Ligand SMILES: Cc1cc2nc3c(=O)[nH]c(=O)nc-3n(C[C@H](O)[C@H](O)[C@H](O)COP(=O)(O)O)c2cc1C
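The chain below stands alone and is given in structure tokens; this is the form predicted alone.
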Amino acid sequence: MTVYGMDFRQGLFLAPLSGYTDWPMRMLCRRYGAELAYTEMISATGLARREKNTLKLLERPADDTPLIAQIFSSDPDECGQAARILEESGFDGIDINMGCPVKKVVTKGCGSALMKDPSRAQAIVEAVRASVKLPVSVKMRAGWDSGSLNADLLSARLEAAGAQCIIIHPRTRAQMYGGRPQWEILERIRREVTVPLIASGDIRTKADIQALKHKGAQACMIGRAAIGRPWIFRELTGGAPPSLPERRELMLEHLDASCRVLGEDRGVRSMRKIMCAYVKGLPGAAVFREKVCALQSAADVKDCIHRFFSQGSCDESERI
């Protein structure tokens, strides 16, 4: 299939996840079969103002490619300015977030709030398309709430404005991340647009992928299911789950890379939730989670990891 002007064999992509999909996570997922990745959600306002912390999100190794930058804003001009910076920075495409349900985002008219303002959503797509030559996509939800399931009509309008790909999460903003996924919206969108469709949300098995492609998706985006499980991309193409030594080495590698990017203090704090995800389902995971979330140094986290895998758990009586 062809998306963003690039050909992909499987159509398995790593979703943008704020606080997770920095370049260390992206590189691990690529190793296991993610064919395309997205940055964390980046503020177009921060880019336009060239704020230091926002620009830092653009940093990545040379082999972190192909890579799509995802931006959010309610201001068309800011989005156009941000798009030009991203094009100059060598990204392969731009995704506009119209699906984030978080309160601090929607109260500013950004994310899924744009689904209630189709004219502004259209103006943002037009501004980005007029500013760059990069392919542009839009990530949205089924609608704002159950009474406004408008992803199909909005998709058609945004395709006319220049969007070259639509990414759909099958829940409304009101549902946040719970409730029944409304995948029937995908079939409705397919009837309205000709651009590629990417399905995103609750995709965990090969059967999920097959069902969504039957409904019209050209590709599937893996998000929360990849947290602490970069090997899911291998499993989705029929590969084996990791051995325990492989899982241990991935945890150590991910920790080291995070500390290089963020510094040890922030890196350790950022990795706590991810470390817990890596051991989910293993014997002794609950005790490990309790221990690792209290640790401050990378050396102590590494010691806890080694003890967990050598003894089957991070025993509560041990001194870390």
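Each residue number is its position in the shown sequence, starting from 1. The structure presented is a predicted model; accordingly, all values stated were derived computationally and were not measured.
A second form of this protein, the form predicted in complex with the ligand, is not displayed here; the remarks below concern that form.
Contact with the ligand in the predicted complex, judged by any heavy atom within 4.5 Å, is made by just one of 74, 200, 172, 137: 200.
In terms of contact with the ligand in the predicted complex, the residue from 217, 83, 222, 163 that brings a heavy atom within 4.5 Å is 222. Contact with the ligand, judged by heavy atoms within 4.5 Å in the predicted complex, is confined among 36-44, 278-286, 248-256, 51-59 to 36-44.
Contact annotation: residue 10 falls outside 4.5 Å of the ligand in the predicted complex, judged by heavy atom distances. Taking the partner from elsewhere, residue 298 is found to have every heavy atom lying beyond 4.5 Å of the ligand in the predicted complex. Residue contact with the ligand in the predicted complex: residue 309 places no heavy atom within 4.5 Å of it. A residue is said to contact a partner when one of its heavy atoms sits within 4.5 Å of a partner heavy atom; residue 20 meets this definition for the ligand in the predicted complex.
In the predicted complex, 70 is the single residue of 53-90 with at least one heavy atom within 4.5 Å of the ligand.
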